[in-house]
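First, one chain by itself: the form predicted on its own, in structure tokens.
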Amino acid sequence: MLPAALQLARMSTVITITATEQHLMDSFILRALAAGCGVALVAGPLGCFVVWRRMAYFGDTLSHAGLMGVALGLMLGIDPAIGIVATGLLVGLLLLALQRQQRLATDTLLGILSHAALSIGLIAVSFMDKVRIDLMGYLFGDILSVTGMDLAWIYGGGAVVLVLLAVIWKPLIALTVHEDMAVAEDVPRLPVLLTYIVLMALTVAIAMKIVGILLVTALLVIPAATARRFARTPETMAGATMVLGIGAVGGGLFASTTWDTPSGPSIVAAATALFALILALSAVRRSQI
């Protein structure tokens, strides 16, 4: 029989360890939620233009090029996020240049660039025997491993993206509504589109750790497509997309921590569930009119 004092000390130690573990878990969840909300705030307005301009495949192309950027960053010994931005910008410039020819349609060019970039990235990664790479983390994200530095990158980079987007908001809307008329009214087409490409590349780099390279486009497209069902103005749709994105992050994290599911895919699944819900509510409302 252990002395009562020793038993009490052991129980106190167990309680202290349990409280510490709970505190660490709460910190992980709070950082993950903060990171996901930051990405949703950035991806929301940009996703609206992806939907309006029917550029979902372009988002896929930039995200697939992200893996090539990761390989480039590791080979040069720099932050992979910088490599992602660089390759995204390169692919965007290449697309703008190739669009000048009339032989291939834009969706065909995007298909070529998307799969070529992904294949080159995978080949480059396979040659890096001396570098440990969490390929699944890059492809599908790992929001629960977000650090304080990651949060600084997400909110700092996100602020830059939102400020620049606010600057080109009206010209970009004009080009989206009617490009030829906007050009006739002296809207600077090439600078605006180049800025948009840079912002998309930055967003892919920002969202990489949250939902992964392969799921970034889903976070851009699904909340925006959901908001389009009920939004009446571009600004309303952008705000609603942000709210829906934050809701998807919260729902996905809840599912991930409750049922031990992958965090990135869970967030996308939650966004899809919100889309299905809004779609069903819209159908019910139409049937009642």
Partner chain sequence: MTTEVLIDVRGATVTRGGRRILDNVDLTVRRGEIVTLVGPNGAGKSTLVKIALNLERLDRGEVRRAAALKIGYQPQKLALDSTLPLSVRRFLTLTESHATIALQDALNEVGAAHHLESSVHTLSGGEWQRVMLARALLRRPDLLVLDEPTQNVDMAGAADIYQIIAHLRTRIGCGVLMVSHDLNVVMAATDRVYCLNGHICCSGHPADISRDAEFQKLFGPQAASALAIYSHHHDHTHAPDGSVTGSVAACAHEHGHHHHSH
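All of these numbers come straight from a predicted model, not from anything done at the bench. Positions refer to the first chain, counted from 1.
Below, we refer to the form predicted in complex with the partner chain, which is not included among the displayed structures.
S.K.: Judged by heavy atoms and a 4.5 Å cut-off, are Asp134, Ser145 and Phe254 together in contact with the partner chain in the model of the complex?
M.R.: Zero of three within 4.5 Å in the model of the complex.
S.K.: Counting any heavy atom within 4.5 Å as contact, can you tell me which stretch out of 63-71, 223-231, 37-45, 241-249 lines the partner chain in the model of the complex?
M.R.: The contacting stretch is 223-231.
S.K.: Quick one: of Ala174, Leu118, Leu95, Leu215, which gets a non-hydrogen atom within 4.5 angstroms of the partner chain in the model of the complex?
M.R.: Of Ala174, Leu118, Leu95, Leu215, the residue with a heavy atom within 4.5 Å of the partner chain in the model of the complex is Ala174.
S.K.: So which of Val187, Leu193, Leu139, Leu113 reaches within 4.5 angstroms of the partner chain in the model of the complex, heavy atom to heavy atom?
M.R.: Checking each option against the partner chain in the model of the complex, the one that comes within 4.5 Å is Val187.
S.K.: Even though the partner isn't displayed, in the model of the complex is Phe28 close enough to the partner chain, meaning a heavy atom within 4.5 Å?
M.R.: Heavy-atom contact with the partner chain at 4.5 Å: absent for Phe28.
S.K.: Whether Met237 contacts the partner chain in the model of the complex should be assessed with a 4.5 Å heavy atom distance threshold; does it?
M.R.: Yes.
S.K.: Any chance Val51 has a heavy atom within 4.5 Å of the partner chain in the model of the complex?
M.R.: So Val51 counts as contacting the partner chain.
S.K.: Answer for Leu162 alone: is it within 4.5 Å of the partner chain in the model of the complex, judged on heavy atom distances?
M.R.: Contact with the partner chain, no.
S.K.: In sequence order, which positions of 152-170 have a non-hydrogen atom within 4.5 Å of the partner chain in the model of the complex?
M.R.: Counting only heavy atoms within 4.5 Å of the partner chain in the model of the complex, the contacting residues of 152-170 are Trp169, Lys170.
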